[in-house]
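As a starting point, one isolated chain is supplied in C-alpha cells, in the form predicted alone.
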Amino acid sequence: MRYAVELRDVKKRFGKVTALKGVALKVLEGEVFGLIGPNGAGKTTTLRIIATLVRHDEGYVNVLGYELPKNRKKVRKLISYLPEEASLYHRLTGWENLLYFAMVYAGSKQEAHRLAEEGARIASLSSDVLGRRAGEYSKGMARRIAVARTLMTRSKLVILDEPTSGLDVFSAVHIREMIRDFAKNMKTTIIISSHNMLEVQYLCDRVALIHEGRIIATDSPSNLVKYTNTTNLEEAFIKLVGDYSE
C-alpha cells in the first residue's frame, strides 16, 4: 500500500487564527479522495499545503514521495491544482486558453498542441465553442475548460477545489462525468474538495471529514453512512459533526 499524500499532525496559523490544529491524512495512490467540511473548517488550507502554495507551521507533509516544504519545486512538476476561484483569460479563445497552459507544461510546441487537443477532448466542447473568446462563455463552459486544462497534463496528483461550485445542475453533471471518466481511464490520484455531498458520494473512493481544523472521520462514503446509521452522506456528515461538537 503506497500513499500519494501523507499528512501527520499538520498545523497552520494565520496571525491569531489557527486554521489547522493537527490534520492527519493519508491518500492512496490512484484513488479519488474527497475532503469535505463546513466553511472555515480548513479544507482549502489543507489543499494549498499539499499543492505547495502554503507552508505549514508544524507537522509532516509528504506528497508523491517528497517531503514538504523542502522539495516543493520537485512536487510542483508532478501535480496540477485547480483553485475554486480559477478563471480563464477572457480575451483568448477556449482553445487558446488550453494551448497557453499546455505550453507551461510541454517541452515543445508539438507536445503543447497534443496536450491542448487532449484538453479539448476532455472538455467535450465543439470546435465552434472552443473558437469563441472565453469572455463569451457561460460559467459552466468556462469551468469545463478550467477543469480540462487541469486534467490534460495527466499529472500524478490532481487537486480540485470545489470543481462545480456555483454551477447549474447540467454543467455540474458534465464536470462530474469529466472527472469520473478521467479517473477511470488514467488511474491518477485525485483529491476533491466539495460542498456537494452527492458529488462526493458519486466520485470518491474515500472521504475525510474536516471540522474545526481536524480530521474527524475517514472512510468510504458507504461505510460512513453505515457507521452513522443514516441514509446518505449528507446526513452522515451532519451527524458526525454534531457528535464531535457535543
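Every value quoted in this text rests on a predicted model; they were computed, and no experiment measured them. Numbering starts at 1 and follows the sequence shown.
What comes next is about the form predicted in complex with a small molecule, which does not appear here.
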Looking at Gly59, Gly40, Gly30, Pro69 here, can you tell me which has any non-hydrogen atom within 4.5 angstroms of the small molecule in the predicted bound form?
Gly40
Of these, His195, Arg180, Arg214, Arg55, which has a heavy atom no more than 4.5 Å from the small molecule in the predicted bound form?
His195
So which of 214-222, 197-205, 184-192, 31-39 is the stretch with heavy atoms within 4.5 Å of the small molecule in the predicted bound form?
31-39
Residue-level contact is defined here as any heavy atom of the residue lying within 4.5 Å of the small molecule in the predicted bound form; does Leu25 satisfy this criterion?
no
Contact flag, Phe14 vs the small molecule in the predicted bound form, heavy atom cut 4.5 Å:
yes
Whether Glu84 contacts the small molecule in the predicted bound form should be assessed with a 4.5 Å heavy atom distance threshold; does it?
yes
So, Glu162 and the small molecule: in the predicted bound form, are they within 4.5 Å at any heavy atom pair?
yes
